[in-house]
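Form predicted alone, single chain, as structure tokens, below.
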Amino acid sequence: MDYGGGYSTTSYGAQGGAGGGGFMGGSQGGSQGGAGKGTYGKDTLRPVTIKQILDAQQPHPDAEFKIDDVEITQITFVGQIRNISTQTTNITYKLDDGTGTVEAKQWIDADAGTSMDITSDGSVSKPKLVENEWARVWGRLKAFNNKRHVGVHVIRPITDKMDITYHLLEATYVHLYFTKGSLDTIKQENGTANGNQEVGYGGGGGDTSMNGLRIPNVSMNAKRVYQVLKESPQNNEGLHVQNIAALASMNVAEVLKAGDELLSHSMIFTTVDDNTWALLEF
């Protein structure tokens, strides 16, 4: 998927049939609401978490849902199957990904059947979905009687648990893209901000950044301790409080207080003991 401009365009699921659980192009209106009418030519497929699904905004009943103020059409998410309810016309899966719980409803197409896989010998097999196992869902967010669910185009069991981590990272990346901007934009903004700062850690002398990242506001003593740790020769164990006090011309009590401040901001960490510190590399 390409997140350079509009994350991704796809015709995935737009044709219904065997992969669509009975959804044919343009047939998702009616009692399910008119959202998405005429949008299949420009559908996007966005990775999301269940919390994002539950928090999605819908300006009015006929409008597309929005996440991060961006319209969504088709979505994909992962979740652990908590319950499977089979009825004559549909199968309802209750899924939980740790951020929330949502129902995914797959309509049964009597002619095409539910989603099938073609095996190496040419035979057809149905993916086995069981409770307490993880699955990936591709579908469309819907609202019916003020309750949200996902209309399933395809649902597949997850065989490699790394896919769960990959999906959550991908969903986070796309969320940050729409809320913070592209990675290139963030780097450019950080570079400009660092270039406009006074020389010194927050204006106190020395390098102003942590490997190009802007630093939080801390006290002047904390800045002095940080600069000593950054500029003084040391081994992998870092520097002891006594050494820092001598190099920074501060008393031990001041160094300890400054150290607590830097530790709270995750800018340094303890090594061989609580009074020996090193910079946390980013």
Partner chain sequence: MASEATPRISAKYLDSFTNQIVRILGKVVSLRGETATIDANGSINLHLNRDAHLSLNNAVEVVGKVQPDLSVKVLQATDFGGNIDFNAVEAVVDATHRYKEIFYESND
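Numbering follows the first chain given and starts at 1. What you see is a predicted model, and the numbers here were worked out from it, not measured in a lab.
The following text describes the form predicted in complex with the partner chain, which does not appear among the structures shown.
Although the partner is absent from this view, Leu129 stays clear of the partner chain in the predicted bound form, with no non-hydrogen atom inside 4.5 angstroms. Shown alone here, Ala104 lies farther than 4.5 Å from the partner chain in the predicted bound form, counting heavy atoms only.
Contact annotation: Thr92 falls outside 4.5 Å of the partner chain in the predicted bound form, judged by heavy atom distances. Taking non-hydrogen atoms only, Leu176 approaches the partner chain to within 4.5 angstroms in the predicted bound form.
In short, of 46 to 54, 251 to 259, 218 to 226, 232 to 240 it is 46 to 54 that has heavy atoms within 4.5 Å of the partner chain in the predicted bound form. Checking Ile108, Ala143, Val154, Ile164 for any heavy atom within 4.5 Å of the partner chain in the predicted bound form turns up a single hit: Ile164. Interface residues of 59 to 84, taken as those with a heavy atom within 4.5 Å of the partner chain in the predicted bound form (partner not displayed): Gln80, Arg82, in sequence order.
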